[in-house]
Structure formats: C-alpha cells, structure tokens
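One chain follows as structure tokens, the form predicted alone.
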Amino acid sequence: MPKSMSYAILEAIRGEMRRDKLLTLFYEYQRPGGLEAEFGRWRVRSCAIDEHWIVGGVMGMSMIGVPAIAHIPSMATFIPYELMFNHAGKLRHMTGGQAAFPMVLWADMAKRWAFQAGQHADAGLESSYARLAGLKVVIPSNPYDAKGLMITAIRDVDPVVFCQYPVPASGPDVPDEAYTVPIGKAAVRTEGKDITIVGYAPQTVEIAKAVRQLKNDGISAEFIDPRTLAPLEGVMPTIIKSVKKTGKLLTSDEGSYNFCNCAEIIARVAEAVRGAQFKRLAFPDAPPPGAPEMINYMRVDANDIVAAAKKMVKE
C-alpha cells in the first residue's frame, strides 16, 4: 500500500529522532501517531493552542543547538510570521553565520476547499515566507519528496519552512530507509517541447491532469515542479533551460494572482530568455468564498491550464 504524505513525513521525523537524541517536536492537536509513545512527552510535546509559544519555543531551542520542529495547523500558518521575519530569518546572518539555526516550521497549508470560508481556505501564504531573507521554503508535491525534503530540512543549519498541502499519494514509492531530497533543485515531472508549465503543490495535481490531456491533443508540455520556493537560485536554471527550448512559459498557482511565487519565477525567466511568451494562472485577488460553485469557479483547474496552453501554442 502506498505511503501517504503525512505518513512519509512522520517516518522521516521518527528516523531523525532516532538518529539525533536532541531532536524535538512541538505540536498542537495534530497528534503524531506513535512518536510520543517511542520518544516521550518531553521530545514530542503536545502544546496549548498558542502558535507564538510553539514557534518561539522551537526557535529558542534551535538557538542553543537543539534541533526542533514546530508543527502548526493551516488556520494558523501566518500567526508566527513576525517571529520568522525578525528572528529566525535574521539571527544566523547577524552572527556572520557563526550561529546555527536548526529549526523547521512544519506548516499545514490551507486548501481551496468549499465550505471552509475565507479564514480557512486562503491558500498561497508560502509566498509570504519565501520573500523573507534567511529562510528556506520547501513545498513537496508527493510523499517521496516529502520524506526526503523533511530529512534535509531537519539536518539543515538554516531555518526551513516546510509547507504541506493535502495532495493524494503519487510519485515514486517511499523507501523505508532514510534518504534526502536536495533543497534548491527543481524536478522535471514530464519532458516536452511545445510549452513549459511550472507549478508547485497542490497545483501539481491539476497540471499533471492537464499535461496528459494536452498530450492527447497533440501538444507536448514540459512540466516542472520547483519543490523549493526559497532560495530560487538553484531552481531557475532548470526552468530557464526549458523555456529556451519551448519559448513559452505557463505557470499555475493556488495562491492569489498578485505577488504569487509564480510571478517571481516569470520575472526571472523574462530577465534570462528574450522573446519568450508568458502566462500566469492563479486565484483571483479576493477572499475565497464558502459556496462550492463559487470557489470551484475561481480556482485554477486542469481545464483552465489546458485552455491557456492551447492558446499560447497557437499564437
């Protein structure tokens, strides 16, 4: 039976807690199955519903060399922003790199689901963290990448924001043993020659559907999953190389149209590839509605991606 993303992440944390006797996990109510029984309540700590305290505690532990993970729910993704902005992202640099900061902010991300209302369905906050200097931001789209990126994030000396969107299990089988997926390296999910399509979780699900449909319609699309949103320096060569080949870049983002991460990707490609065509698909700049008919109309799906790609290829 394939491992789910949540299972793969917990498997990564369990292995790292066995490897490093100091590694600690703070969480609210997303009980990490089996970890507390194995490692005890001092290393796997159920906390009060206070995201500032959870992230601040993990931050303080990391400052004295104790690697730690803070797991926060989707409705609280933005609450510790000030701590990550003014402290986690800067203190390592303020010491000239002498101080390590081995902390992971494991953030559940909101999905564009119906009946959740604006407060719980506003996706795309990973872009806010990605713009903060000093932070690394990763966003896996399948269980294999999730396990490998979590292990890499835990072992990193810099603070890492690990964004988890709910996506169905897909991709390669997840090995039981430990392995790493590098931060700062994009994955080419499907090779193609007519158009480059870039997007990260959870839009990867819709893009994969669109690529298959486009293939049936005679259009060869190259699908690239950045996996890392910050830093982008290692991600961009893969995307730029693809756009130089296809001459067209279509991005698809679950976040809002203005200031989404894909807008930054387009800007960097535009600086590097003269004469390319660009198109950005994203959620309108409005709070997400609760009604299913409305939110399904507003969010980007495979049909939107297919229509945009066909128009660009014909132009």
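Whichever C-alpha set is largest while still superposing within 1.5 Å between the two forms counts as the rigid core. Predicted model only: the values in this text are computed from it and were never measured. Start at 1 with the first residue shown and count on from there.
What comes next is about the form predicted in complex with another copy of the chain, which is not displayed.
Chemist: With the cut-off set at 4.5 Å between non-hydrogen atoms, does Ala123 touch another copy of the chain in the model of the complex?
Modeler: Ala123: contacts another copy of the chain in the model of the complex.
Chemist: Look up in the model of the complex whether Val211 has a non-hydrogen atom within 4.5 angstroms of another copy of the chain, and give yes or no.
Modeler: Result no; Val211 lies far from another copy of the chain in the model of the complex.
Chemist: At the 4.5 Å heavy atom threshold, is Tyr144 in contact with another copy of the chain in the model of the complex?
Modeler: Output for Tyr144 is no: heavy atoms all beyond 4.5 Å of another copy of the chain.
Chemist: Answer with yes or no whether Gln119 is in contact with another copy of the chain in the model of the complex, where contact means some heavy atom within 4.5 Å.
Modeler: Heavy-atom contact with another copy of the chain at 4.5 Å: present for Gln119.
Chemist: Counting only heavy atoms and a 4.5 Å cutoff, which of 80-88, 146-154, 172-180, 219-227 contacts another copy of the chain in the model of the complex?
Modeler: Comparing against another copy of the chain in the model of the complex, the contact stretch is 80-88.
Chemist: Can you name the residues of 243-278 that have a heavy atom within 4.5 Å of another copy of the chain in the model of the complex?
Modeler: Contacts from 243-278: Ser256, Tyr257, Asn258, Phe259, Cys260, Asn261, Ala263, Glu264, Ile266, Ala267, Arg268, Ala270, Glu271, Arg274, Gly275, Ala276, Gln277, Phe278.
Chemist: I want to check Gly96: does it shift between this form and the one not shown by 2 Å or more at the Cα, with the core superposed?
Modeler: Yes, its C-alpha moves 2 Å or more.
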